[in-house]
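Starting off, we have a lone chain in the form predicted alone, written out as structure tokens.
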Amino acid sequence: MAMKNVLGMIYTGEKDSFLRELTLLRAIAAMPVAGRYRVIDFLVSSMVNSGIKNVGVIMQKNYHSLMDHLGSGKEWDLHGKNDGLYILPPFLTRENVGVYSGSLDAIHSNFGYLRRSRQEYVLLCNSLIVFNADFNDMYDVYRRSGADVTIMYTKNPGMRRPEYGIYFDVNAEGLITDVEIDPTRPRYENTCMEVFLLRKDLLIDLVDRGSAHGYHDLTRDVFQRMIRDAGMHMAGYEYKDVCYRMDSVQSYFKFNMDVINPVIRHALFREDQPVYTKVRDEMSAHHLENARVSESIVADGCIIDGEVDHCVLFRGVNIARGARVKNCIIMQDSRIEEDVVLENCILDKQAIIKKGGKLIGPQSYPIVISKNMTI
């Protein structure tokens, strides 16, 4: 019940240049993962499962795919008369050309939504990290600590990046004492997951003051200064379960390959915290007489007559007779024709590999085929 007094806000304007062709036409939040989901499904589902009834998604660029996926929010039970799912596209004004310079700018442009909401607290998140959390525990820690802001972090070494990310030091009382942003070599083992819980009136005040001083990024320009100079009390909340950062082709490929592992999959797709997504009615996957499938995720609507080993196949993928596919991510409605050999590849939607084609990439740097491309 307590989480009904919390407003969820998701900022989807992260830098996506390292994802190359995969984000030419979509935001990171709309990236397809695990056979039938999108990155944002995990975050919205976590909020809904925790009891949050009002969720606002701040869009920036390439947001049409994300808007189509979220729709009215009915799959997440966020389509009621009161509260629900709110799509917040960028405002085009004389001052704002529709591209935010940072999270602070994005929140400032949506003050109207913030002020209209009835909730007292705000759970503010970025959208490039995949995890499945119960935010009730974080809320309890926040209320007990008496801190101004509580920030979620992880000690998972796989989340650390040279020259990228936010890292901080946490003292014995659980308070954050120092913050590093994009260090060449992170000194602290605590990686920020960019999930912030604070009072709504405090967020509005901080963003308003930051905007008045010409700041653009909430963490770098406001929170870091407040800890260092103003003595604001910020507490850390450690997230101890599985999490992945979607910030490169390699990390995207690794996540999907790891999800094939039942241990990782069950940690993310928990029975007590289901992950919801947009429904697409399909026939079940059809394995023909020549099909050989091992250690793979195969979504509805797939037709397989070839060999598939350690792959993630999205809905409607067609693997023809004689084709051999290994360590690949093949997105929705793609077609692999006869005698094709694929290894360590990522195929975007509706890609076609013609008869006899052969693409073998290194596992550390998989080949990426763009949407609607024929090879």
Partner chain sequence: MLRKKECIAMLLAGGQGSRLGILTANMAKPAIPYGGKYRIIDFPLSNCANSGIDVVGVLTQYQPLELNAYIGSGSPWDLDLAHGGVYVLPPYVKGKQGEWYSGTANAIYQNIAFIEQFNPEYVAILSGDHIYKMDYNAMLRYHIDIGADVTIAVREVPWEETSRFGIMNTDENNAIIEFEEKPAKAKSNKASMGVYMFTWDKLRKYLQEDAETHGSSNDFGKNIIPNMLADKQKLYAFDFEGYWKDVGTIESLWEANMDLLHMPMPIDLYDKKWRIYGRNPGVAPHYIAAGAVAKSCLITEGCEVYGRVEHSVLFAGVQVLEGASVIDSVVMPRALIERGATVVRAIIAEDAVIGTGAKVGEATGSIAVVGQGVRVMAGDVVKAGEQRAQ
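Just so it is clear, the model here is predicted, and its values are computed rather than measured. Positions refer to the first chain, counted from 1.
As for the form predicted together with its partner chain, it is not shown, yet the points below apply to it.
- No residue of the trio Gly8, Arg225 and Asp272 has any heavy atom within 4.5 Å of its partner chain in the predicted complex.
- Proximity to its partner chain in the predicted complex, taken as heavy atoms within 4.5 Å, picks out 287 to 295 from the listed stretches 180 to 188, 100 to 108, 235 to 243, 287 to 295.
- Between its partner chain and the residues Ile176, Ala299, Leu197, Ala147, the one pair within 4.5 Å by heavy atoms in the predicted complex involves Ala299.
- Of the candidates Arg209, Arg118, Lys74, Lys155, Lys74 is the one whose heavy atoms come within 4.5 Å of its partner chain in the predicted complex; the others do not.
- Remark: Gly35 counts among the residues lining its partner chain in the predicted complex, judged by a heavy atom distance of 4.5 Å or less.
- For Pro262, a non-hydrogen atom is located within 4.5 Å of its partner chain in the predicted complex, even though that partner is not displayed.
- When contacts are judged by a 4.5 Å heavy atom cut-off, Met283 counts as touching its partner chain in the predicted complex.
- Its partner chain in the predicted complex is approached by Arg315, whose closest heavy atom lies within 4.5 angstroms of it.
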